[in-house]
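In structure tokens, the next block holds one chain alone, the form predicted on its own.
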Amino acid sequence: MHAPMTPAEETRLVARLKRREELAFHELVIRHQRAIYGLCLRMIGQPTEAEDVAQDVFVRSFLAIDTFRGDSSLGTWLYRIAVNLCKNRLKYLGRRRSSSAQTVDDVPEGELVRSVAGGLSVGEPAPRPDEALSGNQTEHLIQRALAAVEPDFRELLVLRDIEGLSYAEVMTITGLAEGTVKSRLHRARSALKAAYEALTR
């Protein structure tokens, strides 16, 4: 895992990308591929499709790097590209939610919504083996529930609750006003909780 880039380091990387340096593109991918793939997987729910979209994110970002003005971080800019491409891919796939729910097996690296699973989430102290098994099963169910939530809600859940982005970053990525983000996120969490409870009944 790479340490976060300082603003000066990011500025230098962007300048190299704008000069179309191949090594700069390689560094961009290495630094951000895990986060971008994770976001794509949680948005789309199908590993193969998520991998294709993640690759497309980096190609498109490299081609469009001259449009990057530094109003947000490079990572936030990449997230915005990724979210838009994921939404387009979901439309293309016809929202095949049932198959999506069966193929998501990865455990989120960030925290999921605590209220959904009664407080169980990733990032807490290591549990006993029996607790770990129960936790993994819970995470898998939450992933299936996440795949059942409509994409506009899923987008906010992934960005805010799983990736842990600030409201300001979520607003930049989605183009939504703060009040809209908060109200829609509240409904998204309720939808996720309902989907989770339907799976566990």
Partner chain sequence: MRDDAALLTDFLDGELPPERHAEIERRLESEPDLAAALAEAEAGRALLGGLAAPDVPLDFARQTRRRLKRKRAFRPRRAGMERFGVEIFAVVAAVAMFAVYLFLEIEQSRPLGPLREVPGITHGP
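It should be emphasised that the depicted structure is a prediction, and the values quoted were computed from it without experimental measurement. Positions refer to the first chain, counted from 1.
Beyond the structure shown, there is the form predicted together with its partner chain, which is absent from this document and is the topic of what follows.
Its partner chain is not drawn, but in the predicted complex it has no heavy atom within 4.5 Å of residue 69. In the predicted complex, its partner chain sits beyond 4.5 Å of every heavy atom of residue 173.
Contact annotation: residue 11 falls outside 4.5 Å of its partner chain in the predicted complex, judged by heavy atom distances. In the predicted complex, its partner chain lies within 4.5 Å of some heavy atom of residue 56. Residues are counted as partner-facing when one of their heavy atoms sits within 4.5 Å of its partner chain in the predicted complex; in 21-38 these are 21, 22, 23, 25, 26, 29, 30, 33, 34, 37, 38, in sequence order.
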